[in-house]
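Given next, in structure tokens, is a single chain: the form predicted on its own.
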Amino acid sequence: MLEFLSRLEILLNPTVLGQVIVNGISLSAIYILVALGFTLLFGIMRVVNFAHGEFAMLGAFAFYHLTKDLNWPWMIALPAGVIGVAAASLVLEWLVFRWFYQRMFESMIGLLGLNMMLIYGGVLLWDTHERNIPAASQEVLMVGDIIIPIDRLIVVVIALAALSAFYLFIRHTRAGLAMRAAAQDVETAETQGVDTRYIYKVAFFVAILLAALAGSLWGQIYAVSPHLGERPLMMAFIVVILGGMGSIPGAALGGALLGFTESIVGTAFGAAASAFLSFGVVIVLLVFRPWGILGTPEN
């Protein structure tokens, strides 16, 4: 009990608490990016993309090579690497993913195999050791006693800008409106003139774009390796279960909850306690509300 109170006292220290909030925002933003892509594929195509985390890994490696090996400026390498991975992924969309659209259970098995192929393909190509992406900035910002690394602040700004752009795209463009219609009812959308094959491609491109961006930002904060995608994939599952499978607002809410929970609990009690609590909440939610916080029960 005394140890618990001691850890809680440390957490409530203004300096520590400020840094926990900054870390929580950055983690939440990255988790939301990953989860939005995951839930977009499920909501529209009913595809459970077990390979989603590996596209985050590919995005991180593209960013790494452009900055480290080619010496591209950070703000040019990031969009170039992310868009390049999303564009190249359309080959896999044509070869693999399109055969699993609207086939949820088959997609789980087939894309689990693709996930393993991408992981071990990465190991063969890059080996298993970790690499560091050059930091966007080595400077820090002092707000009272709170120390905020500028590179982490840049990650937060980029992630929030991407989330805002995604919101505007999904709400105010013809393609975004068509995606929402297809997510509601594919057959009805087709009768209204929606080209679902084209919409599937656009949705896939956007989903992989978000995953690759999340992986690049994750690699900027932590490290890059062929196994980088495992944690983002696990977090995406937790987020979409919390928020509700196929629910975009639910993905945003679940990402925020998970990011701040991990930051607060991890800082005070360690990573093991954070993981224990996160999965414990998921189990309880699956028992009492399996459709998630903002999801809807299927008839």
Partner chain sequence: MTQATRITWGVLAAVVLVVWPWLTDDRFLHHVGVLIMLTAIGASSLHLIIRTGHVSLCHAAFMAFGAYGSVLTVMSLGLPFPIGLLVGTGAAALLAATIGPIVLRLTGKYFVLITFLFGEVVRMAIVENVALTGGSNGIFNVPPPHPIFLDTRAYYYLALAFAVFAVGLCARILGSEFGRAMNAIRDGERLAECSGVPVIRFKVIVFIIACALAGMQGSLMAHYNKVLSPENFSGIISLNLVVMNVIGGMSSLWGALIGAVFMVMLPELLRGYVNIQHIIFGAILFATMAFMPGGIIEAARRVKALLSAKPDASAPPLARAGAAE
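Residue numbers count along the first chain shown, from 1. All figures in this text were calculated on a predicted structure; none of them were measured in a lab.
FYI, the form predicted in complex with the partner chain isn't displayed, but the following is about it.
Contact with the partner chain in the predicted complex, defined as any heavy atom within 4.5 Å, is confined among 152 to 160, 97 to 105, 185 to 193, 170 to 178 to 97 to 105. Of the candidates 80, 141, 123, 90, 123 is the one whose heavy atoms come within 4.5 Å of the partner chain in the predicted complex; the others do not. Although the partner is absent from this view, residue 116 contacts the partner chain in the predicted complex, with a non-hydrogen atom inside 4.5 angstroms. Contact annotation: residue 109 falls within 4.5 Å of the partner chain in the predicted complex, judged by heavy atom distances. Though the partner is left out of this view, residue 238 does reach within 4.5 Å of the partner chain in the predicted complex, counting heavy atoms only. In the predicted complex, the partner chain sits within 4.5 Å of a heavy atom of residue 275. Counting a residue when any of its non-hydrogen atoms is within 4.5 Å of the partner chain in the predicted complex, the hits in 278 to 295 run 279, 282, 283, 286, 287, 290, 291.
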